[in-house]
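Take a look at this single chain, the form predicted alone, given in structure tokens.
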Amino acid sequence: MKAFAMLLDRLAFTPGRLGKLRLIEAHFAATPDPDRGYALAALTGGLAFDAAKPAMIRALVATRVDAALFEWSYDFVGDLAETVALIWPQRPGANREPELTEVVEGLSAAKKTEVPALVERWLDALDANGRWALLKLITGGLRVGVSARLAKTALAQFGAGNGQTVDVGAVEEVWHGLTPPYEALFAWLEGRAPRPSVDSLAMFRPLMLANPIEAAELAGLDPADYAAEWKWDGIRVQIVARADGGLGGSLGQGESRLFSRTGDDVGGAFPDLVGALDFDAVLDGELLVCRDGVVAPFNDLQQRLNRKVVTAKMLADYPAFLRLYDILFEGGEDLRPLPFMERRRRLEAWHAATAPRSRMKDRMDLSPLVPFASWDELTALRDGARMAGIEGLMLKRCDSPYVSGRPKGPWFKWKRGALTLDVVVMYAQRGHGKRSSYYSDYTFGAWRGDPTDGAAELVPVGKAYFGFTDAELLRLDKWVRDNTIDRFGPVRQVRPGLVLEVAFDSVHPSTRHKSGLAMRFPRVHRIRWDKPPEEADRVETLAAMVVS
């Protein structure tokens, strides 16, 4: 654990991307298997310990520390792992510091009733930094500024340092067919073994992603070089299906998968789709809820997402649908190197031949291309997207191959303009990681009734924790501390005195908020220090924006 704890500590305090890459690469070089593989899994979110939850940690520390002292300490520090690491009173004894592999494999094999004793023994054996790393590991909250993509880039650099011709795309291509502790992956990157064979697996292929673009940037592009299509308000998915032995043996007979954009298998919540994938292809598309050909609001799709049990009523009320963008494999042929417009022709031909005889014929269609001759013409089409419940437009270079990641130039997303509303801060909570000492998470509300007559109330409509600078955070944090009127554990209630202008993408009905409404993707657009709270917006204003 000592090397892993040191890596996390240095990553947390190294701000630059290149510095983090060097730290991770050096850790891979200096650390043996399987410890380095489990460290990689931790950095990329590949570990989960169902029995080691924050509630268990809190119960464990309650056996050693006065409850009031812990709560006050937690409120001050703002981070559970850091609080426990600092306050934990070690018991003297013959406690041996565990290795990372011992922790991971011990937690994976232990029964739920055995986990507290394991964690307690390890906490006694470790110093404060080791305890912090242990608790971050087992609760899954590392927050050291390392994305999965950055860790995979470090892997590619590690391979290049060992004389292997490997880029991050090559790592991505095999990644989803491997599991921790990734010994075959490291053997390949060190030149000790061939590239891991993943062709026999129903695996995810890395998606091609787009960069945002604004209207002013279009002037530098030739509209003749680009195709346009609508950006639908669902979730991006990859459909991997095989019915008859194609894909060069990459799937077992009859296997089908539905993956999210991050490679998570979401098919369990959509058995009606997965069970009907009776063709042989890998497709890129959007998962939607559709009724009679009309796309339903995103809130309807959310009723199906992450469901472990899907009832017959849910299947009927929220019928899932696939709108196809691209074709990556047809049978055993990899189409990704082809230009976009050639892949589009292949997709149209495939759909025309396949859909009429497929069980999916009423559950999938093609996302139409949007014809346009000039950017002005396309701008007018985009401006009407909100009324149709569409997020905006996608622009794709006609000659672009399908490559993983987010290359600059080939694809752009041109989203519709955000909605805004003036709201009043109601509650604040400390953040995580570098923000654990600051009140950076704000729950805000709108007025129900007229705030000038004294009978109105604020009702919550959303929560935001980004959209402001570090300097603004310092001022916000001070305001929260100076205006607290009550506390509920780590949450502070504040007097209704601070107005935020919040930007958001859309509004949907919600049972989670007293207002009955919820914003999608809210973020702080401006801090309205100048605006009195009674001039903030009302619930009725927000309700009028609901996507029907």
Partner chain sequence: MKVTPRGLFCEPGGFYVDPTRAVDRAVVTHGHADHARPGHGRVLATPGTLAIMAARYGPEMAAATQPLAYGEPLRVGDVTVHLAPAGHILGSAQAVLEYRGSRIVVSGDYKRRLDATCAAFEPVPCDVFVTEATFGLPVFRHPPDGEEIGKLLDSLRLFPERGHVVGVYALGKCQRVITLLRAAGYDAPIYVHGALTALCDLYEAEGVALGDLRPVTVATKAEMAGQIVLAPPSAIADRWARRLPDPLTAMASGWMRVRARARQRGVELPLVISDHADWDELTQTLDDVGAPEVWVTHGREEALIHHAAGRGYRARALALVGRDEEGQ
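Note that this is a predicted model, so its numbers are computed, not measured. Residue numbers count along the first chain shown, from 1.
Another form exists, predicted together with its partner chain; not displayed. Remarks below refer to it.
Participant: Based on heavy atom distances of at most 4.5 Å to its partner chain in the predicted bound form, which listed stretch, 147 to 155, 106 to 114, 215 to 223, 79 to 87, is the contact stretch?
Facilitator: Contact criterion met by 79 to 87 only.
Participant: Taking its partner chain as it sits in the predicted bound form, is H508 near enough to touch it, meaning that at least one heavy atom pair lies within 4.5 angstroms?
Facilitator: H508: no contact with its partner chain in the predicted bound form.
Participant: In the predicted bound form, is there a heavy atom of its partner chain that lies within 4.5 Å of any heavy atom of Y438, even though the partner is absent here?
Facilitator: Heavy-atom contact with its partner chain at 4.5 Å: present for Y438.
Participant: Please determine whether F329 contacts its partner chain in the predicted bound form, using a 4.5 Å cut-off between heavy atoms.
Facilitator: Outside the cut-off, so no.
Participant: Look up in the predicted bound form whether F466 has a non-hydrogen atom within 4.5 angstroms of its partner chain, and give yes or no.
Facilitator: Because no heavy atom of F466 falls inside 4.5 Å of its partner chain in the predicted bound form, the answer is no.
Participant: Three residues, W232, L381 and H525; all within 4.5 Å of its partner chain in the predicted bound form via heavy atoms?
Facilitator: Verified in the predicted bound form; spot residues all out of contact, no.
Participant: Tell me, out of D264, E120, D334, D477, which residue has a non-hydrogen atom within 4.5 angstroms of its partner chain in the predicted bound form.
Facilitator: Among D264, E120, D334, D477, a heavy atom within 4.5 Å of its partner chain in the predicted bound form occurs only for D477.
Participant: Using a 4.5 Å cut on heavy atoms, which of E348, E183, D127, E102 is close to its partner chain in the predicted bound form?
Facilitator: Selected residue: D127.
Participant: Can you list, in sequence order, the residues from 64 to 81 that come within 4.5 Å of its partner chain in the predicted bound form, counting heavy atoms only?
Facilitator: The stretch touches the partner through D66, A68, L69, W72, S73, F76, V77.
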